[in-house]
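Coming up is one lone chain in structure tokens, specifically the form predicted alone.
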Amino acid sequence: MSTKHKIDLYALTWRLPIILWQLIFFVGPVVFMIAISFFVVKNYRMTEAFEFVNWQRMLTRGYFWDSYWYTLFIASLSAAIAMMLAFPAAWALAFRASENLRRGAVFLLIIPFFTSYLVRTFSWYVILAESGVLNAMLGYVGLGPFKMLNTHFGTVVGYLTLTLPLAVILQTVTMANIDKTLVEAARNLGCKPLATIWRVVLPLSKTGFVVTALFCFILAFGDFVAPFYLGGSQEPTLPILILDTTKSGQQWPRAAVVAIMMMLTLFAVAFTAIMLAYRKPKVAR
């Protein structure tokens, strides 16, 4: 056996665990979900078949597309808000804070993930309720009370609970790796702070920022807890639609259609974002 074949066998041995993992826990469930989307439900029992009735039923219904576009909008909005809110904090940690302070801040940002996301979401009930902490504070200045639970605002707050710490961490790591001499050179050449951010920091951080926004979007797009408990499912998102569909006559095949559409959307968004993140700028000739 040649040396080349030995090296290939050695490499395959180390790749085999991750290949098996992906086949068992990703490819297998996806194939099964695609298969059951063609099943039919008769007398509350799934029957093996190959019919497009579930796809036709879901994709021709207005409530599905209402949920689809609403989920796409609210997830994109929350990702954009998380990116904007995270930027000032990440900027300060990356360029103004010492190394020890930055490490401590990142550790503190990781701590919320030690607690269940469901528990953190329920804690917002105390804050956002009409007789809650936030309305009490606004009452001291003659404002409110405002209805914040069971609204779009409540949904966005829940999404930010999930995504904002992650956005700050990823943006901080991204900007901390920028060569500081480039920022100093821009300032020495008379570039104002906002112009420095726009012309130097953002172009150098493009890949990390796009990946961060992608993570925020994916987490929000697939989240069930925030729109259900804080948003009151006034306008059901796709995860809520999956739950409602499974409760309606055990329609797991129709729920599988919704899940597949979610996955296709996330794949499309992810591939587009990665292409934008790693696309090299055109060099003028």
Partner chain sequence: MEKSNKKQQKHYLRRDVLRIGGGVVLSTPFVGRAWAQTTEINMLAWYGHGEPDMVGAFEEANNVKFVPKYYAGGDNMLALIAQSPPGTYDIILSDGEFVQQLNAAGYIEALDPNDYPFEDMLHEDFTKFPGHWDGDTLYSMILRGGHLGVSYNTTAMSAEEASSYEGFWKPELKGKVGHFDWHLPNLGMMSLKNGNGAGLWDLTGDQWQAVQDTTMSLRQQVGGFFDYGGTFNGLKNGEMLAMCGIGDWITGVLERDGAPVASVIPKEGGIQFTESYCIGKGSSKADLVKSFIQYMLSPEGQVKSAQMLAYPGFCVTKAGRAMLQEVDPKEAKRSHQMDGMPNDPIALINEGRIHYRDIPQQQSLEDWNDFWSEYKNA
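Numbering follows the first chain given and starts at 1. Just so we're clear, the structure is a prediction, and the values are computed from it rather than from any experiment.
Beyond what is shown, the protein has a form predicted in complex with its partner chain; the following relates to that form.
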item: Its partner chain contact in the model of the complex: Val40, any heavy atom under 4.5 Å; value: no
item: Contact flag, Tyr125 vs its partner chain in the model of the complex, heavy atom cut 4.5 Å; value: yes
item: In the model of the complex, Leu149 touching its partner chain (heavy atom, 4.5 Å); value: yes
item: Interface membership of Phe52, its partner chain in the model of the complex, 4.5 Å heavy atom rule; value: no
item: Contact at Ala176, Asp179 and Glu184 by its partner chain in the model of the complex, all three, heavy atom at most 4.5 Å; value: no
item: Contact segment among 199 to 207, 184 to 192, 72 to 80, 127 to 135, judged by heavy atoms lying within 4.5 Å of its partner chain in the model of the complex; value: 127 to 135
item: Sequence-ordered list of residues in 225 to 264 near its partner chain in the model of the complex, where near means a heavy atom within 4.5 Å; value: Phe228, Tyr229, Gly232, Ser233, Gln234, Glu235, Pro236, Ile240, Leu241, Asp244, Lys247, Ser248, Gly249, Gln250, Gln251, Trp252, Arg254
